[in-house]
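In structure tokens, the next block holds one chain alone, the form predicted on its own.
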């Protein structure tokens, strides 16, 4: 029998499972970092993790607090300059997967990490785009991990920081972008994928115990469901153990900052 787990643990496990052993992954801080390192410590030991600060094939023992965390450089195969990581590695098409999060997302998986409210007089000024706009357009595909709520899953973004599928359909191609864009959005309630034709996010899997009504209530637009909605397999005992050990090491290393 699987041990009890939190919605956030379910999200992190489901996100980790999306990654493959042969992926080269550009990792965002927060939920994406937890998912990528869980994958590395379980089913994808050969995955190459790259962070924006220029660390290549890093294998952190604890989760980094930021892209500048010394843990990333100390455990990396090598560290290169930021211009090199973007120009030579990212923009040349060498990275298969980008893993991002955000403060807001819309139905076409565009992301906002810039401001909440009007740009000139925002209610909240967020960390900004960093390398996310380039990651969103240059990686082969994009996975997104976010907590599901109406504050985050909004009908209209206050600011478009990172392009998802733009206005839908073939908007990325119309803009001259030949990468796939977001292919999965993993939340603490469900897994969503873009409709093949419209590119609107569609629920393809509900996590155990989660109802369609819960997802609808937590989404700021009339969310669509696949014709066949699966149930996400619950975390295994190994996945939970490895994830919790990772969080415990991080807490011991960083204290309240973690």
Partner chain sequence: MADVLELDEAVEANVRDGDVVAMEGFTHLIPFAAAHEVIRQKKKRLTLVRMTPDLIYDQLIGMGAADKLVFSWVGNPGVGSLHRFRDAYENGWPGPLAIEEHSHAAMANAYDAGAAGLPFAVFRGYRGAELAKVNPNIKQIICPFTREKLAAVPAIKLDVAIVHAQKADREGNVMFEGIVGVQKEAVLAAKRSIVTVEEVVDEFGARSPNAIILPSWTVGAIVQVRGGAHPSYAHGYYKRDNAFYKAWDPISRDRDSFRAWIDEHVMRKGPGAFAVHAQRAA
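For clarity, every value in this text was computed on a predicted model and none was experimentally measured. Numbering follows the first chain given and starts at 1.
Separately, the form predicted in complex with its partner chain exists; it is not shown, and the next lines address it.
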query	finding
Triple contact flag 142, 195 and 204 to its partner chain in the predicted complex, non-hydrogen atom at 4.5 angstroms	no
Options 78 to 86, 180 to 188, 144 to 152, 100 to 108; stretch whose heavy atom lies within 4.5 Å of its partner chain in the predicted complex	78 to 86
Heavy atom of residue 33 within 4.5 Å of its partner chain in the predicted complex	no
Interface membership of residue 70, its partner chain in the predicted complex, 4.5 Å heavy atom rule	yes
Interface membership of residue 229, its partner chain in the predicted complex, 4.5 Å heavy atom rule	no
Contact of residue 217 with its partner chain in the predicted complex (heavy atom, 4.5 Å)	no
Of 48, 210, 223, 41, the one that lies within 4.5 Å of its partner chain in the predicted complex (heavy atoms)	48
Contact set, 93 to 116 vs its partner chain in the predicted complex - heavy atom within 4.5 angstroms	94, 114
